[in-house]
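For reference, the chain that follows is the form predicted alone, supplied as structure tokens.
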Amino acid sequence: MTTTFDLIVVGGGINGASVALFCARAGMRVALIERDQICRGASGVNAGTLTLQMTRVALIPYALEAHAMWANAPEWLGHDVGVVVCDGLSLAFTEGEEELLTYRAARRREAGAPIEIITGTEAQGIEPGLGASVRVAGWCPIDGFANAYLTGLAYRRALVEAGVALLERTIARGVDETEPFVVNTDRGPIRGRRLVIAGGVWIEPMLAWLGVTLPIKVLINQLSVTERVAPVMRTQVGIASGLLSLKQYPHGTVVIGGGWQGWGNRETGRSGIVPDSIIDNVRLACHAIPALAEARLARSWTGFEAETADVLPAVGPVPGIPEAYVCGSIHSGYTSAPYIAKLLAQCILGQEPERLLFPIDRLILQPASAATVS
């Protein structure tokens, strides 16, 4: 391409796609480079959970704003993403889980999350499908989930309508220059005055193109889905330990998650399930919602998740590299991503972000230097 774009975004998940969309709608000429298809990487294989009960305390104000965005996606995104807004329950089956749940709920409530601790009997009144052994539960009326597949379709349509140049199935291989940025791809060089690195677990090797060392922990989360079954639950259900994420979609399938780890390799992009962990995850789901024991599992899969050393996002300017930015590693990122990406877009557009970003100065192991760019 001979065009010099105002902005190049590398990574087409929820983070990168949102930044690209907001900047394009503000008048920038934007190119979005994605190795697969829009929102078909980690953003397309996660459980689609929209929850405050597993969100880090520091991110609660961001998640509240983002949840409102998800609930009104057709208004600002322009397309439906299959969002179901419902009650959320975080369960405690043991005394230890009850203590953990009570402590965490109190801290999240102080940060603004409307979470209350209720008895097991009260929880069964909200979710009749629960098992009888629930001691207490955290209850949050602001919860729900989106359809990850519909989300990808919706974002792609919105990006096309906004005039973003979509370079799907295009592999970015490095950055040759920074004034303007020249991103090397398997389809040739792409030039842009600004650059956003939004490559999920690949943020670490991508930032290395700019001479920045930012360690990223790679998680390989497992998920499963049942066949279509009669209604067995009407809420979003988890447990205090975080080892369960459970919801039933309108068409009847139940998605089971909770961060149980599979195997995988960032360099090759390959990953796979660990059967014993799938079995334990399903057993836990059936313990929470006993009627699930009658359902058959349709399939299981894995997805990559990025995590920083302090488990807070990496969002903001890249130190030492003017007009370079990073956006990713947001814990419970599906919930908070659209709003946090909107804040970064405000920064890129020269505006004052509504809330503070999460600059990576605290995380990098060596100072950035434009002179180290290959």
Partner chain sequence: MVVETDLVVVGAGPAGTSAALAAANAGLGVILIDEAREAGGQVYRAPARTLKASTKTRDRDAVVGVRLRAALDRSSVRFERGLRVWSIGERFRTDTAGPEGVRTFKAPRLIAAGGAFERTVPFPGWTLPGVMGLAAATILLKSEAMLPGRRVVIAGCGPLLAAVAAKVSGGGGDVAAVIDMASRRQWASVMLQLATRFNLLREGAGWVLGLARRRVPIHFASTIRRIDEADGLLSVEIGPVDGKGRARPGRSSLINDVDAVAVGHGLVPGVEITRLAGAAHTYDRLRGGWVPVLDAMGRTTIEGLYAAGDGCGIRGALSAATAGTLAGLAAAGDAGALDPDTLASKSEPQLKEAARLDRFSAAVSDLLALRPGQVADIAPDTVVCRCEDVRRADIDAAIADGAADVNQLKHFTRCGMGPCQGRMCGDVVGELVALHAGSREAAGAWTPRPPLRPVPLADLIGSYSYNDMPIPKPVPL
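As the structure is a prediction and not an experimental result, all values here were calculated from the model. Residue numbers count along the first chain shown, from 1.
One more form of this protein exists, namely the form predicted together with the partner chain; it is left out here, but the text below deals with it.
- Using a 4.5 angstroms limit between non-hydrogen atoms, Lys247 is distant from the partner chain in the model of the complex.
- For Leu292, a non-hydrogen atom is located within 4.5 Å of the partner chain in the model of the complex, even though that partner is not displayed.
- For the chain shown alone, Pro319 is not a contact residue for the partner chain in the model of the complex, no non-hydrogen atom being within 4.5 angstroms.
- Taking the partner from elsewhere, Glu168 is found to have a heavy atom lying within 4.5 Å of the partner chain in the model of the complex.
- Looking at the partner chain in the model of the complex, residues Phe93, Gly242 and Leu297 each place a heavy atom within 4.5 Å of it.
- Of the residues Asp280, Glu122, Glu177, Asp186, just one reaches the partner chain in the model of the complex with a heavy atom at 4.5 Å or closer; this is Asp280.
- This chain is drawn without the partner chain; in the model of the complex, the residue among Asp80, Glu110, Glu116, Glu227 with a heavy atom within 4.5 Å of it is Glu227.
- Looking at 66-74, 38-46, 22-30, 322-330, the stretch with residues near the partner chain in the model of the complex, meaning non-hydrogen atoms within 4.5 angstroms, turns out to be 38-46.
- Looking at 247-282, the residues that come within 4.5 Å of the partner chain in the model of the complex, counting any heavy atom, are His251, Thr253, Ile256, Trp260, Arg270, Ser271, Gly272, Ile273, Pro275, Asp276, Ile278, Ile279, Asp280, Val282.
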